[in-house]
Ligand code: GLC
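The form predicted alone is given below as one chain in structure tokens.
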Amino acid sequence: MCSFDAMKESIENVRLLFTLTTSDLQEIKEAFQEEMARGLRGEKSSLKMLPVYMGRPKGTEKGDFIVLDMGGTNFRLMKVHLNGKRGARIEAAMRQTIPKKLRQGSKEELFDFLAHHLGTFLHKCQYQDTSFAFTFSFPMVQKSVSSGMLVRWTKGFTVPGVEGEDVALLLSEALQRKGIPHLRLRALLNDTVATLLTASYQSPGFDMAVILGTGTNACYIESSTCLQVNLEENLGEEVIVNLEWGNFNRLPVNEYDHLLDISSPNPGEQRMEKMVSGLYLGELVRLILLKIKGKSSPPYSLSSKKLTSLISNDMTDPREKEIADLVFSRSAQIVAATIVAVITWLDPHVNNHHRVAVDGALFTGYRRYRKRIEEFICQLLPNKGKLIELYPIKSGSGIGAAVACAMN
């Protein structure tokens, strides 16, 4: 056990390791934009910059749609109604955990599991239409609005034989096996794109969407003339680009980041996600407490939800509270720098007002975290930071998928 003085010195060291200066944030912003430019040119980049063959909705889209939302360890099924006047509501929903054995088992077992529950939900809702949307929140390369090849698994999934395959086709084959061949996938997208569509359907003027939950990602509206990669479908004047920013790797890392990375299922990948998202923040805190206090607990036993409770609990050891706060704060700093990078890519001098839609439990469940991001944005843009507004979006992945279905 550390002495009081040794503990104080250790925490001060953690403070130095997890605090980024304004200069650090500026360097992150510039490096991020360099990676954006490479990705848009089709060059090697830690940002995928993937066009998703959709622009902003008009707000007049309407109808009833079934949505399958696979966001991570859980998936949801929803029946969504769009009224054609920027209004949307979820009329029915069910939530199901994907068992660990399926997250690491065969592709047939995983997609049969999804197809089975989709069929059950259709019967329960007495849904008569033949189209549905699929929110699949993993990195994909899309060649159309209704197909997408999985680039790599994230969020603890390791199902073999799926990477490099069209997940829409795999789900279609599972529907055939389950006796539901009449269903047709109208739109395939990830939760980040769905969040932007939700926000844009309900109110015009959004430029960007961010997910801050178990994982993290972002997308934004780009001019189609800026895309210098070969596209298999014609695009309009603007297109949504999926950044896959969780893999951004030009960040200052420390010894705890290295410890987490080498013990993860994907060493060397998803660098930003491992420094920002809810899946990993608790593990960073656990590793710090293990080293400086000898406090042992199972890997990944400290969730972001437990962390927020720890910080807000008056009975928590103040030193543990400070460590958790430092890890949260660095996450907010990185998010602020990368949001500023995207907005200043679109508007270098920030002459206009910009709206950013944000979903995810890390953002919505911890008010202080959101405030920190806003403060760091203003730190980077002292006179213009207030022109970037963050808007929390609820049920973005479900409503947005329905909007995509209606658009296509």
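This structure is a prediction, so every number in the text was calculated from the model and none was measured. Residue numbers here begin at 1 and follow the sequence given.
Note that the form predicted together with the ligand isn't included here; everything after this is about it.
*Asks:* Quick check on this chain: which one of 198, 304, 338, 190 has a heavy atom within 4.5 Å of the ligand in the predicted complex?
*Replies:* Going through each option in turn, the one that passes is 190.
*Asks:* Just to be sure I understand the contacts: of 138, 256, 75, 328, which is the one whose heavy atoms reach within 4.5 angstroms of the ligand in the predicted complex?
*Replies:* So the residue touching the ligand in the predicted complex, by this definition, is 138.
*Asks:* Pick from 157 to 165, 214 to 222, 330 to 338, 107 to 115: which stretch has non-hydrogen atoms within 4.5 Å of the ligand in the predicted complex?
*Replies:* That would be stretch 214 to 222.
*Asks:* Does any heavy atom of residue 283 come within 4.5 Å of a heavy atom of the ligand in the predicted complex?
*Replies:* Result no; residue 283 lies far from the ligand in the predicted complex.
*Asks:* Heavy atoms within 4.5 Å of the ligand in the predicted complex: does residue 273 have any?
*Replies:* Result yes; residue 273 sits at the interface with the ligand in the predicted complex.
*Asks:* Pick out the residues of 237 to 258 whose heavy atoms come within 4.5 Å of the ligand in the predicted complex.
*Replies:* If the 4.5 Å heavy-atom criterion is applied to the ligand in the predicted complex, 237 to 258 yields only 244.
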